[in-house]
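In the C-alpha cells that follow, a single protein chain appears in two forms: structure 1, then structure 2.
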Structure 1
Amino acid sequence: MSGLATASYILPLTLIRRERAFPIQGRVMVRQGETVNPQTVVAEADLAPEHILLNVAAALGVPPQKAASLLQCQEGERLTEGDVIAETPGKLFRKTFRAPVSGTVVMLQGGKVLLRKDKDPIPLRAIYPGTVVDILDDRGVVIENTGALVQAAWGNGRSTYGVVRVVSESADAVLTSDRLDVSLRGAILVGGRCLEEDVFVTAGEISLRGLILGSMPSRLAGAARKAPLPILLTDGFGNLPMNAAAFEFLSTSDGREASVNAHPYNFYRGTRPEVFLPLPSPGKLMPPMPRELSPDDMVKVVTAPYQGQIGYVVRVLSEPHKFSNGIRAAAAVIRFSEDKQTIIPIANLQIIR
C-alpha cells in the first residue's frame, strides 16, 4: 500500500531552484549565469492591456463611410498623444481628431478606431537572491542558491525580502498590535498566533515588510489577503501555536535576511509558501515532492485534534485503517512522545525534512 504524503520542508541548509516567471510572454531582463539580488527585475510584461474605442465619425460629424476615408493611421501603427487620427478637408472649417493618449492602433472599422493604450510594463523582481541558471523562454528565469528553508501552510499571495525580527517569546504567544511600533519598520516579523485584524492594519501603517505567523482564525483570511504586505502561516487556520520545528529555527534567525514567498500552496506543482534565508555554503538539492512516507520520518499533523503537532512515523499500516467515523483510509502510526502514539490518516500528514 502506498504511503504517499505531501512533503513540507524545514531545512537548515539546502540548495533551492526557484522559478520567477510570468504566466504570459514578456521580456527577460537578465542573462543566464548572472547574479541577482532580491530587487533585480528579472523580467517584465504587459499585463491587462487597456483599450479605448474612438468614434471618429461622431467626433467629426460625418457618416462612418466618410470617416473611414479620412483616417490617417493604419492598424498596427503606434500613435503618440496628440497625433492626428483623422481630419476633414478644407482650411476654413477643417476638423481634426487627435489621439487622446499614446498607444497602438488595433482595429479600424465603421468610422471607429480601437486604440490599445501604452502602459508601463509590470516588473517581476527576483525576490530570491542567487544565480540565474536557466531562462524560461520569454517568461522568466530559474534562480539557484543555498540557504535555510522553512515551508508553510498558507500565504496571502504576496512576496518580499528583508531582515527577520522575532517578537514572540514562545510558539503560542499571541501577537497584538501594541507589540508593533516604528522601530520595526521594514522588518519581516516572526510572531506566534494572531487573533485580531488590527495587527494587519498596524503592520501596514508602520510599513512592515512581512508577517510570519503560526496561525490565525479563518475569519481573518479576507483581511490578510487585502493587507499590503506578505502574510504567511506556518501551521494554517485556527488557534494553533507555531510548530516546534519552525519556531525553533525562526527564533534563532533574528537579524538575518530572508525571502518570503507567500504565494498559496500549489498541489500540482508541489510549491508552497516559504521563507528562505540565503547562506554562503554548498547545499544538497531538495528531493522531489511528494514522496513515500517511511518509518522515523518527522511529520506535522494538519487536521484536528492533533493539528500542528510534530511527531515521528512508527510504521505505515499495510492495509487501510477503519476510523471511528466509519471511513477507511491509508494510515500510519505516529509517535508524539515515549508514551503517546496514535493512528492518523496519511492524507492528514506533512513530511518535515
Structure 2
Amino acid sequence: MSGLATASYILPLTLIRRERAFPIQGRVMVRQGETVNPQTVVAEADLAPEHILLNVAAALGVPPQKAASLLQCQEGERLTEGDVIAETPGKLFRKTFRAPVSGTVVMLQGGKVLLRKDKDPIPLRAIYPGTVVDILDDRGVVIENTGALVQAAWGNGRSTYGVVRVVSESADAVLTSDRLDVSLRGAILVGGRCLEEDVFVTAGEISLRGLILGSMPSRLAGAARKAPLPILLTDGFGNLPMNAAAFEFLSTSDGREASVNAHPYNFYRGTRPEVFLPLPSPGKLMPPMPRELSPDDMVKVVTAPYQGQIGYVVRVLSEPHKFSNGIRAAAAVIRFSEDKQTIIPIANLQIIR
C-alpha cells in the first residue's frame, strides 16, 4: 500500500515548466532559449482545416493519367484564386482549370488535386512569461519560469494574464455584482464565493480579465463556461470559502501580475487549472516532485466533512483504516489545530506544500 497522495500545489516560490502546444501540427513561432511574454504568439495552427478535392480530369474531360501530365502545380505550392492548375494543349480548344479559392496544394493523385483553403491560423499565446526551454515538434513549446503557484480545482477553459486585485476581505465573503465597477477593468479579481450568475455578466460588461473564486454552486457551471473571461475555482463546487492557504497567498498578492490558466482538470494528463505569479528566484530551483505523504506535509482535504480545510500530516497509517461508513482505505492522521486531529483517507488529501 502506497502513501502516494495527489498534489495540488500552493507554493510561494517554485520553478514551473509548462507546455503550451496545440493537439495537432501547426507552426512554432519562437525559438528555444527565447524569452516570451504572456502575449507572445508561440505557435499557430489551423484547428479546423478545410479542403477542396478538385477533379481535374473530369473538368478537362481527359483520362486521369492524362490529367496528371497536364498539372501545372506541385504538392506544397501555394495558389491564389484563379491560378492555373492544369491546362490542355492547343490554342483553339484549349481548356484551363483554375484554383477556385486560394490555398495550398496538399496532394496530387490520379488526376485530382487536394487543396487546403487559406484560413487565418489560430494563434496560441504564451500566457506564462518565461523562457522557451523546449520546442514540441510543430505543435508548441515548453516555457520555464520561477514564481508563485496556486493550483485550483476547476476552470472554465479560458486563460489570461493581468494584474491581481483583491476585493474580498475574507475567504468566505460572497462576491456580488455590486462590488464590480469600471475601476476594476482589466484586472484579475480574487473573491471568496460566488452565488449568482449576474456576477459573470457584470464581469464581462466591465471587461474584467479574470475571476479567481473559492467556490460556486454547480448550477452556475453552464453560465461560467459561457462567460467571456477565465473563471477559476480554488476549491470546487458548493458553498465553500476559499481554502486558507490559497486565500492567504492571493490576498497578499494585490497589484502583482499573474497568469491564469483556467483549463479544467484533465484526469488523464494530470494538468490542473492554476494561477502563476512570476517572481525572480535568488537561487536555483527545481519543480515540485511527486512524493509519498510524510509527517508535517501541508495538505488540503477535498471532501466533506473537512472539505477545503488545511491541515498537517501527523503520521501515515501503516494499514488501511476502516471508516464509520464501512469503507476501508489507506489513511493518514491529520492535525488541523493544536486540539483537533482526525483520520482521513489519503485519496481525499492533496499535498499543497
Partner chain sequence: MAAIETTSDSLLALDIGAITTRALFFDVVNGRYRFVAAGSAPTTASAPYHNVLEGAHMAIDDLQRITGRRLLADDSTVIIPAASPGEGVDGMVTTLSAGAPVKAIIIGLLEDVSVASARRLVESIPARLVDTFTLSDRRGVETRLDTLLRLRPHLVIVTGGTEQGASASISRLLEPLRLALRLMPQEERPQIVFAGNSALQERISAIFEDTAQVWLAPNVRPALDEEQIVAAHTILARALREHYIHSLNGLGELDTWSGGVTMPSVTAQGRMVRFLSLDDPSKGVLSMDLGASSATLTAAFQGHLYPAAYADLGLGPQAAGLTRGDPYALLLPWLTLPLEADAVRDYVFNKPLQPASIPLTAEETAIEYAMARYALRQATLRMLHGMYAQNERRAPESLPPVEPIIVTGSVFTQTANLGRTLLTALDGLQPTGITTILLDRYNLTTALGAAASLNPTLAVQAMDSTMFIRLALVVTPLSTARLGTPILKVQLTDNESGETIKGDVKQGGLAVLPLAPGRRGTLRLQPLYRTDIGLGAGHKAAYEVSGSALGIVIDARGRPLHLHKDMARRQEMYKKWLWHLGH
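Rigid core (definition): largest C-alpha set, two forms, superposition within 1.5 Å. Numbering runs along the sequence of structure 1, starting at 1. What you are looking at is a predicted structure, and each value in this text was computed from that prediction instead of being measured.
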Pick one: which structure is the form predicted on its own?
-> 1
Rigid-body rotation between the two structures - hinge position, chosen from 47, 32, 87, 76 = 47
For the rigid-body motion of this chain between the two structures, what is the smaller part's rotation angle in degrees?
-> 28
May I ask for the C-alpha shift of residue 70 between the two structures, in Å, based on superposition of the rigid core?
-> 13.2
With the core held fixed, residue 270 moves its Cα between the two structures by a number of Å equal to 2.7
